[in-house]
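The chain below stands alone and is given as structure tokens, in the form predicted on its own.
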Amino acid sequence: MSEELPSIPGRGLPVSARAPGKCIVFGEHAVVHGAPELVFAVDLMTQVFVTAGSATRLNADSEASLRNAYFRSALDLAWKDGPTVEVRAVSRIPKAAGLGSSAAFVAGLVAALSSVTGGIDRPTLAQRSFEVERGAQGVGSPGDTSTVVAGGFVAINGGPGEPLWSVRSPEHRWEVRRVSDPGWVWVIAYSGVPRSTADAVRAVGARLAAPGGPEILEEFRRVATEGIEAVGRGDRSTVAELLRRNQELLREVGVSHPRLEALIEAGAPAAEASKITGAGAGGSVVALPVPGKETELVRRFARAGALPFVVRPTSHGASLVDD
């Protein structure tokens, strides 16, 4: 392995863990079909508290295991036959915004539950978190969950060096590698339009299986491969060009939205480039601001009706929280 990340140690109840959100720079949707993806962990956190309880509940909801597919999937895969527990989750990540709220919740919860059962290493935490999220959604790739487990910039199926780990499903095997952080500030704008990851992934899968789809997938692959290399060497102009091309591809597969297009247009004078981040059909856009115009970009997004965040990548992946 090229990098040794610390394991999650064993700890008794009560236990608390946290995990960051994520932002996809290149390759969303195509990664589900084996193409590369570049993602970074953002400094917006979800924290999960687990204590002993008379009934297993999430945020005081005794029916959460029926209502919340992610909670149910985590209990099935990481806490089967375990004692009843009270779980409380607090998050700064908007839900259904394309910023990894489900991945952060899943990784934090699996880390906490696995700590109580003796601890877990990072590769296993990444695999198990992916299985939990996929179990809830029915589709997907490990980009989100591996990023929030690892922290920093992460390339799926691309990048130099040895893998941090591999993640497997019955259909695919993905290699997860570290990419150097160029040290840039990014601006994310949440449109306020919620979306369903599973629905968007299925719709794009159908488009890529239709005539012309293989050519689109190959272009997604090229853009992500070149984008991973450009970010690694800190080449802003090439990254901006590839962000614009990635957005054109996302329009072509049908996951843009009028609100997202309006945000991209509103931010254009202060952004080197902007694109959808995440599943699309709602959710958020990510922008690489013109240096020195970060505040202007935030104001432009806010005036256009979005909830903007100035974010930096965080190197802190899923971890326990010390008392």
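These numbers come from a predicted model, not from an experiment. Counting begins at 1, following the sequence as shown.
Omitted from view is the form predicted in complex with ligand MEV, to which the following refers.
*Asks:* Pick the stretch from 22-30, 256-264, 41-49, 294-302 whose residues have a heavy atom within 4.5 Å of ligand MEV in the predicted complex.
*Replies:* One stretch meets the cut-off, namely 22-30.
*Asks:* Taking ligand MEV as it sits in the predicted complex, is Val85 near enough to touch it, meaning that at least one heavy atom pair lies within 4.5 angstroms?
*Replies:* Output for Val85 is no: heavy atoms all beyond 4.5 Å of ligand MEV.
*Asks:* Even though ligand MEV is not shown here, does Ser141 get within 4.5 Å of it in the predicted complex, heavy atoms only?
*Replies:* Result yes; Ser141 sits at the interface with ligand MEV in the predicted complex.
*Asks:* Decide whether Ala89 counts as a contact residue for ligand MEV in the predicted complex under a heavy atom distance cut-off of 4.5 Å.
*Replies:* Judged by the heavy-atom cut-off of 4.5 Å, Ala89 is well away from ligand MEV in the predicted complex.
*Asks:* Give a yes/no on whether Pro36 approaches ligand MEV to within 4.5 Å in the predicted complex, heavy atoms considered.
*Replies:* So Pro36 does not count as contacting ligand MEV.
*Asks:* Ala279, Leu58, Ala271, Val286: which sits within 4.5 Å of ligand MEV in the predicted complex by any heavy atom?
*Replies:* Selected option: Ala279.
*Asks:* Heavy atom within 4.5 Å of ligand MEV in the predicted complex: which of Leu249, Val201, Leu208, Ala240 fits that? Just give me the one.
*Replies:* Going through each option in turn, the one that passes is Val201.
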